[in-house]
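The form predicted alone is given below as one chain in structure tokens.
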């Protein structure tokens, strides 16, 4: 099974590299979006991965802010997941930029009346807080790894390098670091809420798109982040945890219960989002919601999101809450299919002409109100997702992400 996964990853990464080469040489020529539908698959993957990062970080706050001891063993895993998915989310949106080389302008010439500028600066603050937290959380275990003869030479070298020369494990030093870690984690919570809520606010402030222009959108982004990030962490712990003892089963069961609660809250908010505009069906957003539910791509909502991403996981979590395999599959389904939710956020709002008859006034290959991701876009997406998987795999091999000993 492991060899098969390696082969699948190699194929995905190889195809993804081809797509990246096309993107760097040909620009946006092979992408399917145009002058009317300007955001497509890469933006959807970006907000999907950003949600995974925010969700994983907010779950880590249960360990480092609220000191939930039963979840202490997943704290470092959650932090590392948040770092990796943040980096690959920014990689995805970088490919979407018209001038990729100008990304630095948001730092040198920011317009703070722009929600996008605020988002980037919040990302930066969030990333710095993440790095500080990760260093303090990992350092005691990295010191121990650097001195253990049972570790490989590469693991010891990486561990020694990442300690930045601070190898003390004295009790008073560790206590001070724990206090600083708690402060950073506490600061990081409003940052994570602000930046991912800001992503939702970026959509919600586009008043020309009534499908996005709703006050509930930032809240939906936050709950979606918790659901998808919680699903990913649950799946990783269930399938990759090194020690399969009674404590492991209790940890997976607890994560399953947390995930079930998060899914229930998200479904409730989604019901509110859909039911009010659909009650009379005369509003623009009501029409677009009908397209989501009953249009050409109805199966994205009903099969991927509601079926595989909600109903099946809920059944698994309710009927087999103490079975690690069932809980792991529930988490994997929730995390993997949540991309369909992000697609249904990004695409539908753009297929409605802002002016009646605009779709007939001007015609051309880039002047259409329909969008299906091209093969090229999927190839670049494969590269982003394969890179995410590779970084998580490397972290599991070279860092104490799932070390069963908790430093005291």
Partner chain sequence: MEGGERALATQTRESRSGRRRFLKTLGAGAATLLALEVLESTARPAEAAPAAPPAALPAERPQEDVLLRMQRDLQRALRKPAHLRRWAMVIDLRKCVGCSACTIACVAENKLPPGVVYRPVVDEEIGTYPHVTRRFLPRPCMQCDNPPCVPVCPVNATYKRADGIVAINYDQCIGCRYCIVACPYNARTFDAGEHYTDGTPGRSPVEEVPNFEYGKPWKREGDASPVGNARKCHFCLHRLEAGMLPECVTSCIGRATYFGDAEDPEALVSELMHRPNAVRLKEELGTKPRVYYLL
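Residue numbers count along the first chain shown, from 1. No experiment lies behind these values; they were computed from the predicted model shown.
Below: the form predicted in complex with the partner chain, not depicted.
4.5 angstroms heavy atom contact with the partner chain in the predicted complex for residue 139: No, residue 139 is distant from the partner.
4.5 angstroms heavy atom contact with the partner chain in the predicted complex for residue 202: Contact check for residue 202: yes, within 4.5 Å of the partner chain in the predicted complex.
is_contact(residue 371, the partner chain) in the predicted complex, heavy atom dist at most 4.5 Å: Residue 371 lies outside the contact set for the partner chain.
Contact flag, residue 241 vs the partner chain in the predicted complex, heavy atom cut 4.5 Å: No, no contact at 4.5 Å.
Heavy atom within 4.5 Å of the partner chain in the predicted complex - the one residue of 275, 215, 168, 111 that qualifies: Checked against the cut-off, the match is 111.
Of 153, 322, 99, 176, the one that lies within 4.5 Å of the partner chain in the predicted complex (heavy atoms): Result of the distance check: 99.
Stretch from 63-71, 378-386, 350-358, 48-56 whose residues place a heavy atom within 4.5 Å of the partner chain in the predicted complex: It is the stretch 350-358.
Members of 28-64 lying within 4.5 angstroms of the partner chain, judged by heavy atom, in the predicted complex: Result: 28, 29, 33, 34, 35, 36, 38, 39.
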